[in-house]
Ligand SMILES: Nc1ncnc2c1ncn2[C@@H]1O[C@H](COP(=O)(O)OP(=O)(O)OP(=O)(O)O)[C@@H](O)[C@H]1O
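The chain below stands alone and is given as structure tokens, in the form predicted alone.
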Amino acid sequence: MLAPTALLVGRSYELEALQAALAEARRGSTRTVVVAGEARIGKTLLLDELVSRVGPEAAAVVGRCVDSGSGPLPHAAVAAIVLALVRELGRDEVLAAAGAGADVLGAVVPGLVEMRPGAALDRLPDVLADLVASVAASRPVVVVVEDLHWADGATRAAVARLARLPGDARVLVVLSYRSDDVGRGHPLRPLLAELERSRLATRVELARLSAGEVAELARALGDGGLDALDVERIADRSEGVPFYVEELVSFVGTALPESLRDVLLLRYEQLDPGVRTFLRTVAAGGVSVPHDVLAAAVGDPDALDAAARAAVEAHVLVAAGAEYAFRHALVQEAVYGELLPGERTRIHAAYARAYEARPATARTLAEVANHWWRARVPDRALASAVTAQAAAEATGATSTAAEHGERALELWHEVPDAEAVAGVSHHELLARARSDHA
């Protein structure tokens, strides 16, 4: 089984467009570029290549939106951007650059700064824009926000504000999203329409690779070990999707799968039963899982370390800081689909308890609510949804709060004495849900 090697093939036009926008930002302009494409098409690889070319004279920060499985995690991308700037510049310089409203950053990065009572959380987009613009006064800044299809309302508002920075701010904003996930009625569509209508952004669309590009990529990945029939079979089964080309090349010489879902599970199915059990546990935690949370869910540190090493060496997982992450979200989804009903209940309950032991931030409480709901424990799911709703409201993440409120209302009639469990009346919960949607 060959190890995967990331290669950028068939993307010269798209990379040139991004580099041209970066050059304009370096010369003193503000640019926004939207990168769209279906899942597995290579958006992250393209953006990684762009960031690698930014150079030391500019600051590049990356934030990724995260889906908990039952909705976006609040402020995930914004928090990552702020933390990246803190690592680059230091806490004090970041707070000074953010200006008088810097304390609202404490809503997205708990512990960064103490929030004043009654802080105007709806100012977060302006504070983030002031922070980026202030940093850009001394050097060009590249802000990358990935997976915008998973963004909460607060993140979408922040992105819209960044796109409206003054035209001479020396900032490049790059946004990516899965085009096949943003259908009619998706909350991202109004933002995309506004960016296009106001001519605030240019669009780069990633198409599937041509047959010739698939052959070029396959031969490069195969290091000269593929014959014409191998390449033809890979081109046929991959349908021009780079991720599938990479996976299929790794298994040349074996019986290649017929379905694309089976391609996603190729590496998983080659592993020992114990490692597959571990990966199903990781998959229940989402695309990425903090090590301490995973350790609490697994309950056996030695078994975790051995299985994690095997999964990383098989290129199913990557170790990213203090987290384990699947190489691609669709692999996580495919592995999650292998869980039996009893496994799902047990593992999600274990994750819920693990997150309950962490500091009660809005993001942590959202994870608790998600896992109790997926564990199908109605009373715990109801109580945690109401708690997560309140935490999201307190940090200005009203779209996330609305989703928790809707979940709580769905669960209400499944729970005996629901008012005592939730700590609020049905009337109050309904009123809060309506307010969150307003």
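We number the residues from 1 along the sequence you see. Just so it is clear, the structure is predicted and the values come from calculations on it, not from any experiment.
Missing here is the form predicted in complex with this ligand; even so, the following discussion is about that form.
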Open item on the list: Taking this ligand as it sits in the predicted bound form, is residue 421 near enough to touch it, meaning that at least one heavy atom pair lies within 4.5 angstroms?
Closed with: no
- [ ] Verify the contact flag for residue 431: yes if a non-hydrogen atom of it lies within 4.5 Å of a non-hydrogen atom of this ligand in the predicted bound form, no if not.
- [x] no
- [ ] State yes or no: in the predicted bound form, is some non-hydrogen atom of residue 31 no more than 4.5 angstroms from a non-hydrogen atom of this ligand?
- [x] no
Open item on the list: With the partner left out here, check for me: in the predicted bound form, does some heavy atom of residue 38 sit within 4.5 Å of this ligand?
Closed with: yes
Open item on the list: Can you confirm whether 43, 178 and 246, the three residues that make up this candidate site, all sit within 4.5 Å of this ligand in the predicted bound form, judged by heavy atoms?
Closed with: yes
Open item on the list: Quick check on this chain: which one of 107, 217, 335, 352 has a heavy atom within 4.5 Å of this ligand in the predicted bound form?
Closed with: 217
Task: Position in contact with this ligand when the complex is considered in the predicted bound form, options 209, 317, 148, 127, heavy atoms within 4.5 Å - done: 209
Task: Among 317-325, 136-144, 237-245, 302-310, the region lying within 4.5 Å of this ligand in the predicted bound form by heavy atom distance - done: 237-245
